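There is one chain below, alone, in structure tokens, taken in the form predicted on its own.
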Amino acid sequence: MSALPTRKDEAWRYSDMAAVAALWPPQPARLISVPAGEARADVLRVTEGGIHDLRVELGAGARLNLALLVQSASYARVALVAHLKAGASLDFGGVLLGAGAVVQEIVTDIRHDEPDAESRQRVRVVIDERAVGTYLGRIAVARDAQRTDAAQSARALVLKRTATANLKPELEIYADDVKCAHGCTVGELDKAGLFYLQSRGVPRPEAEALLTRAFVADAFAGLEDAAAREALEAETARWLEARA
């Protein structure tokens, strides 16, 4: 059995360690394997808490479109480790919704092992009351993984200032012919957007809901299955309506 982690480990720095101890050891990692040249889409929902380890293996030229929704009343952590072979493509969209005093985390480690692979990550965190939402994202590019194209976007929306958002992007690049980018922001609803909608007769609660739904929906923009995307957006809308 692996040793119980501590906050000295950067990947567990913001975790609820009492909850981690109660859940340790976690269940074996779930594997998503896409053979060379094939394509797959998957949607994962975490609604009951727990520690969830996910391992992705993409063969040469394989494509995976992966969407994740974390919305739990108890501690929840999803850790994704992905290995990309030559020419593989990963599109990952993650949404974390937290209220009350819950602690939730999304941790990604995307490893470009071979040349010409592409990865896209869009993570949106919405937290209310005294919740803590964390995203730790790492992109690792091996020395031989030339012509890697990787992008990571993380944004957090804090509905009340008593909530806490932690965003930490990380690039580890050993190849010299790559295109890699990351960005993260933490903030409240766009005041200019609120003013624009209200000036056109939209009541403030509706304006806030519209802006928040648009903020969350951005994470699922890469999901090609329209029905699956609409179902996820409807789930987030119900959560947001409960906060109004």
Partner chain sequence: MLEITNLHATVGEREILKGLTLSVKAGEVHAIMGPNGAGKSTLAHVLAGREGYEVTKGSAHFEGRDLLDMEPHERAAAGLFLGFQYPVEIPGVSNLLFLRTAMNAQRKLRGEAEISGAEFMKKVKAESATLGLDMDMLKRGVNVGFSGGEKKRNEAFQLGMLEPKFALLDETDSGLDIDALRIVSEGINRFRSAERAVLLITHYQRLLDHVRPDVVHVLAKGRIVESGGPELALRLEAQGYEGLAA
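Only the largest set of C-alpha atoms that superpose within 1.5 Å between the two forms is called the rigid core. Positions refer to the first chain, counted from 1. Please read all numbers here as calculations on a predicted model, not as lab measurements.
Not on display, but discussed next: the form predicted in complex with the partner chain.
**Student:** Indicate whether T185 is a 4.5 Å heavy atom neighbour of the partner chain in the model of the complex.
**Tutor:** T185: no contact with the partner chain in the model of the complex.
**Student:** Do D53 and the partner chain come within 4.5 Å of each other in the model of the complex, heavy atoms counted?
**Tutor:** Result no; D53 lies far from the partner chain in the model of the complex.
**Student:** Please determine whether G201 contacts the partner chain in the model of the complex, using a 4.5 Å cut-off between heavy atoms.
**Tutor:** Flag for G201 set to yes.
**Student:** Check D42 for me: does it contact the partner chain in the model of the complex (non-hydrogen atoms, 4.5 angstroms)?
**Tutor:** Judged by the heavy-atom cut-off of 4.5 Å, D42 is well away from the partner chain in the model of the complex.
**Student:** Just to confirm, with a 4.5 Å cut-off on non-hydrogen atoms, which of A29, V46, L189, L210 contacts the partner chain in the model of the complex?
**Tutor:** None of the others qualify; the residue that does is L210.
**Student:** Answer with one of L197, A175, A60, C180: the residue that has a non-hydrogen atom within 4.5 Å of the partner chain in the model of the complex.
**Tutor:** Selected residue: L197.
**Student:** Rigid core aligned, does the Cα position of L197 differ by 2 Å or more between the shown form and the other one?
**Tutor:** Result for L197: yes, a 2 Å-plus shift.
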